[in-house]
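Only one chain is included here, represented as structure tokens and corresponding to the form predicted on its own.
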């Protein structure tokens, strides 16, 4: 399968290339030159990225402004215009499948209401794909837009579309790293609470790549919105829908304590 990969130089893009590079023929789009780049272009430039889609079967769309506090200008160009360009390029080129890197921040309002209690092991709250949309930021709003755009392209043009509400994928792939407590958060959490959150939201790099592969191979599932986390001891985002619908079976999990 020939797969266009936007944001190929990012943490998730790197994990996808490393874990799935022997399984798929990736066409890597990066904003800046890299030794693996096939196309160097910004996704908000339609004419620059459009040729990369010719002859491809699917696209994994990861490119975005990823900070929760991304300002409007970045959200507009990178997440709204860029996502539209990717969908439209896929449609024009006749691709059959789009895997969209959405985010847990599409429903971040529930976490804002529930933190920090929601991170504790005995808290019963779990939110699935039927939860009402409650974005916690303009970034979250942009991911809601991407999901809605995917629904439109699925129902209007027949593309298979998968929205992955991704949890916490780390460059060091370590949910217990000392840098967890020093990370910037949109919520006011103590160092211990930051570890507790990571215990709930971590998605290992290989589990993330596997979830994406499950979507690419799900030819009998035309549409899905699922959460992406590893098999963690606390899960306030539902995993069963991804297991049942896509056969996702995470191999990793954060420890109960640091």
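Residue numbers count along the first chain shown, from 1. The shown structure was predicted, so the numbers you read here are calculated from the model rather than taken from an experiment.
The same protein also exists as the form predicted together with another copy of the chain; that form is not shown, yet it is the one meant from here on.
- Contact with another copy of the chain in the predicted bound form holds for none of 207, 242 and 250, as no heavy atom of theirs lies within 4.5 Å.
- Put simply, residue 223 is close to another copy of the chain in the predicted bound form: some heavy atom of it is within 4.5 Å.
- Interface membership of residue 185, defined by any non-hydrogen atom within 4.5 Å of another copy of the chain in the predicted bound form, is ruled out.
- When another copy of the chain is considered in the predicted bound form, residue 109 lines it closely, a heavy atom lying within 4.5 Å.
- Interface residue remark: residue 145 is counted as part of the site for another copy of the chain in the predicted bound form, having a heavy atom within 4.5 Å.
- Only one of 126, 81, 177, 74 lies close to another copy of the chain in the predicted bound form, with a heavy atom inside 4.5 Å, and it is 81.
- When you look in the predicted bound form, the only residue of 91, 117, 170, 134 with a non-hydrogen atom within 4.5 Å of another copy of the chain is 134.
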